[in-house]
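Here you get one chain, nothing else, as structure tokens; it is the form predicted on its own.
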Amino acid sequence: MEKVYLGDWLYNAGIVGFLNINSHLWEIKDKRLVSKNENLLKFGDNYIEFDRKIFDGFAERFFDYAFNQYGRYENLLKLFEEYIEDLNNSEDIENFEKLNKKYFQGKLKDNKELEDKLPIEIFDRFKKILSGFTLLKKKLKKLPSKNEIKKNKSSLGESLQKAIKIMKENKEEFWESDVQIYLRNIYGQKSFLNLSVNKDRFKKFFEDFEEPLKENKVKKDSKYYCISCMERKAKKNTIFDTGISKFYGLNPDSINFIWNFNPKLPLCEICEIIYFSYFAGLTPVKKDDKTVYYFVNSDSSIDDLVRENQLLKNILTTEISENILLDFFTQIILESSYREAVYTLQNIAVLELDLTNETMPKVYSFNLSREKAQFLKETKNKEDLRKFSKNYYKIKDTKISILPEIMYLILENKFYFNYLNKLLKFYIATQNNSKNYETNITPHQLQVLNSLIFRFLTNVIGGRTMKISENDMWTIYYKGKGLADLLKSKNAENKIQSISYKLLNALRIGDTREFMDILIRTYMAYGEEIPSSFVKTLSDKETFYALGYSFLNGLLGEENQAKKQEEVNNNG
């Protein structure tokens, strides 16, 4: 059995990639990696262990993974079929709006113009694709000219049909070619990726890697041990590989700095194939019209490394937003109950790689203090945070999720009452059918948020001491609700909104006198006495905020309606 231990981030990406390529041999049960065949593959805390028989069929699995990750073949088949369908539908006036928007940003005037211009537009797009797809262009040979397409629109459809037929009939050749193109962009000119290899690429990979690895027939260096594992003898004459070297600050030009211009690298065949698998550990995603790759690196355990990368992959492939990494860290925090979040969160980093150039990866990580990690780990806080997982607010057409924003504020030490003020403003605006603002958060949830801020300020930010408890806050919340009930009983429900706006503004600028003045006048107008617990605590600004927002949340709250809305939010 061969053992491979966690190492640097690129090696760790190789381990994840190697496991992804051999995904038929393991599964995740109860958040733990479990082997399906321990004669071939075993897991340790910080290593994997495998028999060389694991390489039986490895070449095909390696090619399949790269082919599917590249995805060009399937995407283009689907696109060409879409072109044909759109051409056929262009004469139907019912499709005018959709096709006009899809191909011309809605600039065309009528269906006649669409019928004339659509074939040429699709032809231009088709030609552009072929300019970067040499194998298909070569097999297609001649394309109709634009004049021929104008006279006979069906000639373009026939060319597209021919392209689809060629791709399907020669899938294996496209499979080999696409894998070579895709990986050559990542690794450079290695083995079957070399430009001079233009046929039998799979066979070459099989002969260079699978067969010698499986049979343990790799020639070893008589002198050097592997510089990566320091356990196995180095493979004889391993060439310095640009696919590995560029992330270590080296590139093909730096060979001039290598002693005696000898570009050989003492690396064993096992570490070499691990490094060579790192592409399969990355998650590709479109960003700013180009593909970038993400990898989560952590060195706590193999379990965490694989699980965290799967989590990021799910987030990246389901819904991409500007806050994807914040979404990821938020989910990691909320799911970290089975382990010590205090330690693991400090070890996680997400790397963003642009493999089309040799710039160094961007590294995203959170520097989490022990107090903050403990705050996030606390069961009550974690459960309260989960309550915001489906809440959002909108400013015109921009929709922003509330939970990642809360997490960001916590991590940046900016979680304060002004955020609560902002959400209350959106809530009141939503109740008034605003065209610019909208939110699905409820007053009850806003009060939960108020409690979270209170706990954050008292437990994390300098251990502030306040003269009140959370029970006091909820008591005042129900006092606010009592005033709302009183106003409704006096047929003065319409005053709730105007009073709320005034209280919100007083809280925004921290004006305790104005806040109390509004309350006293309101209570006196209906012959009621202002809650005494309120008056006693107004000397302290933090206490004023905690109680003031509690009262306002209660005043705005429709208890039953709020719970009903929360149920709707929780059920999606």
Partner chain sequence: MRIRILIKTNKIPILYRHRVVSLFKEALKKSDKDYKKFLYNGKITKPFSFNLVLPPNRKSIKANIQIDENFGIEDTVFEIEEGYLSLFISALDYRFLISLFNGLKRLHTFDFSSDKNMLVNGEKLVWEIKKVSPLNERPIKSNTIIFKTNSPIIIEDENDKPVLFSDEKFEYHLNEITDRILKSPHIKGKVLEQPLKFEPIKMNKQVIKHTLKAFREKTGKPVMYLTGNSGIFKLSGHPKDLEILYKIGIGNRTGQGFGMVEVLG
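Think of the rigid core as the biggest set of C-alphas that the two forms share within 1.5 Å after superposition. Since this is a predicted model, take the numbers as computed values, not measurements. Residue numbers count along the first chain shown, from 1.
Although not depicted, the form predicted in complex with its partner chain is the subject of the following passage.
- Checked against its partner chain in the predicted bound form, the candidates Phe50, Phe534, Tyr545, Phe67 yield a single residue with a heavy atom inside 4.5 Å, and that residue is Phe534.
- Contact with its partner chain in the predicted bound form, defined as a heavy atom within 4.5 Å, holds for exactly one of Lys36, Lys29, Arg513, Lys541, namely Arg513.
- Heavy atoms within 4.5 Å of its partner chain in the predicted bound form are found in exactly one of 523 to 531, 41 to 49, 57 to 65, 501 to 509, that being 523 to 531.
- Annotation for Thr512: C-alpha shift of 2 angstroms or more between the shown form and the other one, rigid core superposed.
- Comparing the forms between the shown form and the other one, the C-alpha position of Arg521 differs by 2 angstroms or more, with the core used for superposition.
- Relative to the superposed core, Ile530 undergoes a C-alpha shift of no less than 2 Å between the shown form and the other one.
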